[in-house]
Structures are given as C-alpha cells and as structure tokens.
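Next up: a single chain in structure tokens, the form predicted on its own.
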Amino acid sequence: MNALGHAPVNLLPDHVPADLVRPYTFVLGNLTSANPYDRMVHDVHLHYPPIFWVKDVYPGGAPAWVVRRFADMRAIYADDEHFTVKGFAPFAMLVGDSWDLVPAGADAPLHDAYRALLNPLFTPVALKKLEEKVRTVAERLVDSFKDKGAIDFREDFAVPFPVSIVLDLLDLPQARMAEFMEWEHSLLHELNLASIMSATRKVVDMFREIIKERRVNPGDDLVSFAITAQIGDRHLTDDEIVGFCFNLFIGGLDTVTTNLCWQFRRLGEHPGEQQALRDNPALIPDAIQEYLRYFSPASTFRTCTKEIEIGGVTFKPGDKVLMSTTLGSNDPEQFENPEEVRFDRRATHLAFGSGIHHCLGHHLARRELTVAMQTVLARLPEFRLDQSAEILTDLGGVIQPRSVPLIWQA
C-alpha cells in the first residue's frame, strides 16, 4: 500500500481493459513551459477514448478513471447513487483527522442541509455589500504598479486581490497573506506528501485556535457565522466548522487567482480581444463566461460506490474518477470549435462544477473577476505578455501558470 492507503499502481484491475490505459499529462507534479490550452487539452479529445484509465493520476500516485466528455461528467456529478464525493480531497485523512470539506465533501442529504444554510451568504444580493470593498482593493493594487511598465501579474494582482477579500470574510490578518499563500501552494500544487501534510496541519491548527477564540469573542465574519449557525435544532460541530473554513481557504485563495492569471495572459497575447473589451466594457461579463469555459482549470474526484456502466466502461466500487473541468468545458461534442474563444458563445461550462455540487462561491468569483477586468482595463494602458520570459505552468490539480509577465508603455 502507498502513503494514502491505495493498492500498488502497477496492478491493473480485472475490469480495466488494457487498451484503455493511457498516459496523462495533467498530473500533480508535472510542469510545462508551453501554454497547455494551445494544444495539449484539445489533443486529449482528439486522440483519447471518452473514458480512459491513468495509473498515477489520483493524489499519492494511485490510478483513476478519467472522463473527458461534458455529458458523462454532468451525469456523474448528478449521480449520488453510484458515486460519492467523500474523500475526494484527502487532506483530513493525511493528518489522521475525520472532518470533511463543507459543503464540498458531503453527499446528499447532508450536503443539501449545508447548502440551505450557506447559500444565502453567497447570493448576488448578499454579496452586493462587498462591491465597494472589491473595487477598492482592485483600484489600490492597479494604482500601485500602473507607472512601472512591467509586472508579474500573478504576484502583483492575481494573488493579493482575491486573497484579500477572503481574508476579510474570515477575519484573518492581511499581514499573514504570504504565509497563507505558501500553505495554499503546498496544499494544491505540491507533489511531496510531507509538505501537503505539514500545510494541512498548519491550516487546521490555525482554524481550531480561531474557532476557540471566536466562541468567546464572535465577530461579523464567516467563522463566527459557522459557530452560531444551526442545521435543524443542532449547531455545527467543530469538525464541520473546520471543514467549512478549510473549504473556503483552499477555494478562495486559489480559484480566482488561477482564472485571473489565465484571463490576463490571454489578453496579453491577444490584443484584438483586449481592445474589444476596452472599446466595449459591456462585453466583459460575456468574455468572462467564455474565458471560464476555455480555461476551466480544476480537477476533482469521485469514488464509485455501486457498479455502473457508462459508455461501455464498467466502474466498480472503489474506483476513483477524475473530474477534469478542463476537459469537460472543452469537449468538441458539446462545444463547436472549443479551441476558439468566442465572446458571444454564452455557453454553460463546468468551471464551477455542476448539479448540487456547483461551487458555493461562484457568484463571488464572478464578481471579483468582473471587477478585476473592469478596473485593470480602465486604469492600465494596453499591455502585452512578455514573450521573452519563460512561463512554467503546474499541470495537476489546478492548472496554473507560475507567472504572468505583462509589459506596457508606462
């Protein structure tokens, strides 16, 4: 058994046909200096079967099925009878804890109860009060570098902008942003299990101390909300509150950052698209919808709990399934010429998942992305990607460039 308790990866289960075993590029620990959205993503659809088996794609180097078609992925997202989300992000297991991500790590009906409790916090109406804060942070960051002529957009904007918002929501100190981002990188982009375990323990220990303190001194923040909230006639347990906080921590500190990186890299490489949005800012919401489709960066997992056949492939109980929103949102059977960016496409995508597990914070993410694009395009001159710089991209878990070097005439 390996570090996560999985069977050795070189043993092929009897129900897995050998001709469905394929190498797969988008595995934690892999890097590329190419833009993976230029061809790598689309080549999977061109050359691979609808469902295939990868020997080392699950965290810890274990095997899993990979589903590449939008329709199959939507079906699995909706199927709580044959698939579970339990354990899809095995952070708690790594440190010997028993909590799950809330609500992401719960199946129905508990998931439904969590969403009924938490959804009102993240509706467009509820988030309207954040508008001024979001815009103020964006303007402050752009004004801090607009006269420089060159920045790493990831470090100077894409990281501090959304992270600042989430830290405020949780009432965590802004001064610790760099430390929190180191933890987040270890959790989502590191291959070394010791690093992941260390970061998990640090985050959990921090939140357990904060929960203790907020029980005595509650505030107007999401940790305090979780402490006082009730499901039916009961309060959330400490493990549930930790799972809620951990879910916000890893989601809020990475998802928007990643999408900002890809969207502004794209604008730096495609001056026509950038100019179109400068000339007509009303196009920005449709552009963001299309960029979310094109650059859907995340992969999560399901575990089969009951045998089922999908597209001629048999899934057995215990089989892991990689849910790549990247592949699903670029499926040529679902989207006409998915390798093209079209602001008028207005297509449904999988960037925020699907069904009951649709991302809790998608309204907040869209608001942040919209404000960011409005602010940068209004306050910064025309910019372009610095083609002389090598850009390395992490390919596993969340597909994210490690830098986005932008230059302009200051």
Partner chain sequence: MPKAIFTLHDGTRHTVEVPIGETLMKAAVNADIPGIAGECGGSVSCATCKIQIANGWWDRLPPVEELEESLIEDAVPQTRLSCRVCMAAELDGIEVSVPQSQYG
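All values reported here derive from a predicted model rather than from experimental measurement. Positions refer to the first chain, counted from 1.
There is another form of this protein, the form predicted in complex with its partner chain, and it is not shown here; the text below is about that form.
Looking at Thr300, you'd find every heavy atom of it more than 4.5 angstroms from its partner chain in the predicted bound form. By the criterion of a heavy atom within 4.5 Å, His42 is excluded from the residues contacting its partner chain in the predicted bound form. When its partner chain is considered in the predicted bound form, Arg346 lines it closely, a heavy atom lying within 4.5 Å.
In the predicted bound form, its partner chain stays beyond 4.5 Å of every heavy atom belonging to Ala178. Using a 4.5 Å cut-off to its partner chain in the predicted bound form, not one of Thr84, Lys86 and Lys320 places a heavy atom inside that distance. Stretch 120-128 is the contacting one of 309-317, 120-128, 93-101, 217-225, since its residues have non-hydrogen atoms within 4.5 Å of its partner chain in the predicted bound form.
With the partner omitted here, the residue from Arg384, Arg379, His362, Arg342 that has a non-hydrogen atom within 4.5 angstroms of its partner chain in the predicted bound form is His362.
None of Pro332, Pro285, Gly149, Pro271 but one reaches within 4.5 angstroms of its partner chain in the predicted bound form through a heavy atom, and that residue is Pro285.
In the predicted bound form, not one residue of 89-103 has a heavy atom within 4.5 Å of its partner chain.
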